[in-house]
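Encoded as structure tokens, the following chain is the form predicted alone, with no partner shown.
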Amino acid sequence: MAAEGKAIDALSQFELSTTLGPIGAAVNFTQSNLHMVYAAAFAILLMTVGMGARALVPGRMQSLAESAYEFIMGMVTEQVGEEGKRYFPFVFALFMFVLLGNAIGLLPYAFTYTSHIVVTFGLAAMVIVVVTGVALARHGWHFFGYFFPEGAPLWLAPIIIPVEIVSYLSRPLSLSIRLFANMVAGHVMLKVFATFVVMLGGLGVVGPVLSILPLSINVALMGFELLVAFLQAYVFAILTCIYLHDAVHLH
């Protein structure tokens, strides 16, 4: 945790730099990309190893894998219906990618790739593209009736249709900004209070005593950030399910 002079540098943790030596520099492979690989590898390992044994009495890995599977499957079927099962792999992969991105970033020397809006917007844009593709595949041109509710007066079309289109296109913005802002805010607070601990700890005899308060706050913030990491992944996944419900049922 860096404190330059008396200034607290809380934003340097989000700076990108290339990794993997000359090869990474040649392709601009940053620590954000590397942690995405870590997250994907962990998710694959969890499901492969956890579900490989299929023991009658599950171990820890199998219990974790089964819990994740059942949690997301329940979310998809509850929000979308039985038709939603075909979209389970997409929602599950999205949930695990966001959750692991949030959680891995809380480890020492790790990087939170969900703290960059280009990543969160890319995920949100992918969701909207998939949802729109599902709606067009299932309903064809009837999909565009989504932007003008049935039974609405025709003379209101010039007002309703632009509003509905803007509302529809704002979905990726709201999805991405919500996740990005929560991750950035949480990590900034963690670094600020951690820097207070370092700065107060160097004040001599009373320093370690004074640093107890920011240290306690940081411990509490760490627990809160773990909760936020899960909640933000849950919100991202359940909103995806809601959008899929609208695409499948066209309302």
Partner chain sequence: MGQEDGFDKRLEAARARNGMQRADEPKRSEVPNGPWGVGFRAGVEVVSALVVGVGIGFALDRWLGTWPWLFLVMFVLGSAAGVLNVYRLFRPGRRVEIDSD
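Computed from a predicted model, the values in this text were never measured in an experiment. Residue numbers count along the first chain shown, from 1.
There is also a form predicted together with the partner chain; it is not shown, and the following applies to it.
Q: What stretch, of 112-120, 97-105, 82-90, 167-175, brings heavy atoms to within 4.5 Å of the partner chain in the predicted complex?
A: Contact-bearing stretch, as computed: 167-175.
Q: If we define contact as a non-hydrogen atom of the residue within 4.5 angstroms of the partner, is residue 159 a contact of the partner chain in the predicted complex?
A: Close contact exists here: in the predicted complex, residue 159 approaches the partner chain to within 4.5 Å, heavy atoms only.
Q: According to a 4.5 angstroms non-hydrogen atom cut-off, is residue 10 in contact with the partner chain in the predicted complex?
A: No, residue 10 is distant from the partner.
Q: Hey, in the predicted complex, does residue 182 get a heavy atom within 4.5 angstroms of the partner chain?
A: Contact check for residue 182: yes, within 4.5 Å of the partner chain in the predicted complex.
Q: Does the partner chain get within 4.5 angstroms of any non-hydrogen atom of residue 129 in the predicted complex?
A: Residue 129: no, not in contact with the partner chain in the predicted complex.
Q: If the cut-off is 4.5 angstroms on heavy atoms, which of these, 137, 125, 152, 163, is the one near the partner chain in the predicted complex?
A: Filtering the options by heavy-atom distance leaves 163.
Q: Please state whether every one of the three residues 191, 196 and 212 places a non-hydrogen atom within 4.5 angstroms of the partner chain in the predicted complex.
A: Verified in the predicted complex; spot residues all out of contact, no.
Q: Quick one: which residues from 207-232 get a non-hydrogen atom within 4.5 Å of the partner chain in the predicted complex?
A: Just 231.
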